[in-house]
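Before any questions on how it binds or moves, here is one chain, the form predicted alone, in structure tokens.
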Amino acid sequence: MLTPEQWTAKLVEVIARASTQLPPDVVEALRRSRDAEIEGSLARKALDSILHNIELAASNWQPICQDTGTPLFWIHHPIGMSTRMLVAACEEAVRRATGKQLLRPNAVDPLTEKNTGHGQAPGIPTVHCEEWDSPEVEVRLLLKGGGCENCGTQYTLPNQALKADRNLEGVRRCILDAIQKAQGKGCSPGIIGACFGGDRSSGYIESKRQLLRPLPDHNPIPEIDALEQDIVAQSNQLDIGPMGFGGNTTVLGVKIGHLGRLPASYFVSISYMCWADRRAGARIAADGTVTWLE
């Protein structure tokens, strides 16, 4: 069994990977998007710059973006493992990663407006822990940028303005409206995580968890899988394009989950992720062996 100090060191490795090495499926999607834009267009030039930035960051193990985002951890752990220890290790890992310049000092006290200077504060990082039957620990990390976080939103159905009812068509209208209103301000091409159902807080959490899914995967529920693909196709016809310059690529993917709801409420919660879809995953064995996950 690893010590708390060893867990902290492993989590710093996960942060380093998420901050500097964009997942291969995201890089490939950006390349395909670049090739689909008109030669010489602002959209193609923007994607060329993005891809060059990704290469420089990966080769030098430097952060992909100056806004290194809010660290969001999802951890599955064996029965009996201390969640208090895991949360403390995540917090210390954020402080150490900030000291190594893998993360920017991002944590600001909203009362005093002072930066903590080490990247950690109440609620930063956010850590979700859940027991499972495996003897290994699985860590999933998402670094969620502040600019794209500003483009997240939540709808209540029915919505008269969108003519959206409490059904999948209503969900579709809400997500497309959110993408239209973002207008590239979330550093498009974006990736959309969404959840219908739940309450105001659980819906947002699930919408962010959806962003851990690889871009090429398919929703196991056929009607939601079709909805995801339909929204991608319609979004990319909006001519918003990379960074709002116009073009064929407004989103790289849409991932939708759902939760049970109360009869009185029907929320559609939407989390917008920028092109820098900084996620990392690792399976960590009891002896410390790390298996990296896509």
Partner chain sequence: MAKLTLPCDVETIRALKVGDFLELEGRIVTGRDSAHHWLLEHHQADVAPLLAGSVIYHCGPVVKRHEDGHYSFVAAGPTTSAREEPYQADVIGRYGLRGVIGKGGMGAKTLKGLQEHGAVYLHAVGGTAQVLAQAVVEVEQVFMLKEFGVPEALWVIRVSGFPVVVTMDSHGGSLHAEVEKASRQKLEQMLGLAS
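Since the model is a prediction, treat every value here as computed from it, not as a measurement. Numbering follows the first chain given and starts at 1.
The following text describes the form predicted in complex with its partner chain, which does not appear among the structures shown.
Practice task
Verify the contact flag for Asn53: yes if a non-hydrogen atom of it lies within 4.5 Å of a non-hydrogen atom of its partner chain in the predicted complex, no if not.
Solution key: Within the cut-off, so yes.
Exercise for the section: Would you check, heavy atoms only and a 4.5 Å threshold, whether Gln180 touches its partner chain in the predicted complex? Expected result: Yes, Gln180 sits close enough to its partner chain in the predicted complex that at least one of its heavy atoms falls within 4.5 Å.
Problem - Interface membership of Lys45, its partner chain in the predicted complex, 4.5 Å heavy atom rule - result: Looking in the predicted complex, residue contacts with its partner chain include Lys45, since a heavy atom lies within 4.5 Å.
Practice task
Indicate whether Met243 is a 4.5 Å heavy atom neighbour of its partner chain in the predicted complex.
Solution key: Taking the distances in the predicted complex, the answer for Met243 is yes, it comes within 4.5 Å of its partner chain.
Practice task
With its partner chain left out here, work out from 192-200, 211-219, 130-138, 143-151 which stretch has heavy atoms within 4.5 Å of it in the predicted complex.
Solution key: Contact-bearing stretch, as computed: 143-151.
Practice task
Please state whether all three residues Pro63, Arg173 and Gln234 have a non-hydrogen atom within 4.5 angstroms of its partner chain in the predicted complex.
Solution key: Yes, because Pro63, Arg173 and Gln234 each have a heavy atom that approaches its partner chain to within 4.5 Å in the predicted complex.
Handout entry: Contacting member of Met85, Leu168, Leu162, Ile124, with respect to its partner chain in the predicted complex [4.5 Å, heavy atom]
Key = Looking at Met85, Leu168, Leu162, Ile124 one by one, just Leu162 meets the 4.5 Å heavy-atom criterion.
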